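The chain below stands alone, shown as structure tokens; this is the form predicted on its own.
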Amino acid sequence: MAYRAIAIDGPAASGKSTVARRLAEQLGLTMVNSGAMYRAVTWEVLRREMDPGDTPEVLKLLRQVRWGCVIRDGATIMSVDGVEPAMSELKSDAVNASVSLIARIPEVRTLLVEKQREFLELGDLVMEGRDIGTVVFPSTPFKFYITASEEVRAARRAAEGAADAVSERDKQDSERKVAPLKVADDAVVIDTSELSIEQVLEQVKSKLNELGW
């Protein structure tokens, strides 16, 4: 049996993680937060007091550490040498400021994209990130790009207590040479600036029905 993937991409603070999580809950699917996987690598780099911009050292760490992924309560969790960092640690200001540096390293992306694709062997899923519809699962017909105005996204980040600038994250993610953030040609684009989460979910589910989910 071929399992199916719903790809949800978008910039920082667009609401894609909330949409993906709620959609997975409503459809009874596993939700994969690909960004948390890149954050886990970043967290380990910072925990070891390494420079996230020192690519050779990051690559050495990549080979030394045992990176694990498990599914628990309908969501995926990444472990680092058997340790599971808390989401509060993965969303710290330090990780926020450095994750784009780690995510642009080709070898890091190769490792994590391979692990992301392995999840599809276990069943249908919802995966959110920045390159799910363009790189991880480019052949899936179920692609969505969740966005919002920069002002709305900045306000959301501030409400979460995060200090990073969404404009800088957008620039880093869109301009990186490997798997840059962009809209897949066949993705359904939804602007969440003036929509509630329920309204966004209704649009996504309606389109899924049209596509034969």
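A quick note: this is a predicted structure, and the numbers were derived from the prediction, not measured. All residue numbers are counted from 1 along the displayed sequence.
Although not depicted, the form predicted in complex with cytidine-5'-diphosphate (CDP) is the subject of the following passage.
Colleague: Answer yes or no: in the predicted bound form, does cytidine-5'-diphosphate (CDP) come within 4.5 Å of a heavy atom in every one of Ala12, Ala103 and Arg176?
Modeller: Yes, each of Ala12, Ala103 and Arg176 comes within 4.5 Å of cytidine-5'-diphosphate (CDP) in the predicted bound form.
Colleague: Against cytidine-5'-diphosphate (CDP) in the predicted bound form, would Ser17 count as a contact residue? Criterion: heavy atoms within 4.5 Å.
Modeller: Taking the distances in the predicted bound form, the answer for Ser17 is yes, it comes within 4.5 Å of cytidine-5'-diphosphate (CDP).
Colleague: Would Lys143 sit within 4.5 Å of cytidine-5'-diphosphate (CDP) in the predicted bound form, counting heavy atoms only?
Modeller: No, Lys143 stays farther than 4.5 Å from cytidine-5'-diphosphate (CDP) in the predicted bound form.
Colleague: With a cut-off of 4.5 Å between heavy atoms, is Arg156 one of the residues that contacts cytidine-5'-diphosphate (CDP) in the predicted bound form?
Modeller: No - in the predicted bound form, heavy atoms of Arg156 and cytidine-5'-diphosphate (CDP) never come within 4.5 Å of each other.
Colleague: Verify the contact flag for Lys91: yes if a non-hydrogen atom of it lies within 4.5 Å of a non-hydrogen atom of cytidine-5'-diphosphate (CDP) in the predicted bound form, no if not.
Modeller: Yes.
Colleague: Where, among 63-71, 36-44, 183-191, 49-57, do residues come within 4.5 Å of cytidine-5'-diphosphate (CDP) in the predicted bound form by heavy atom distance?
Modeller: After filtering at 4.5 Å, what remains is 36-44.
Colleague: Heavy atom within 4.5 Å of cytidine-5'-diphosphate (CDP) in the predicted bound form: which residues of 106-134 qualify?
Modeller: Counting only heavy atoms within 4.5 Å of cytidine-5'-diphosphate (CDP) in the predicted bound form, the contacting residues of 106-134 are Arg109, Glu128, Gly129, Arg130, Asp131, Ile132.
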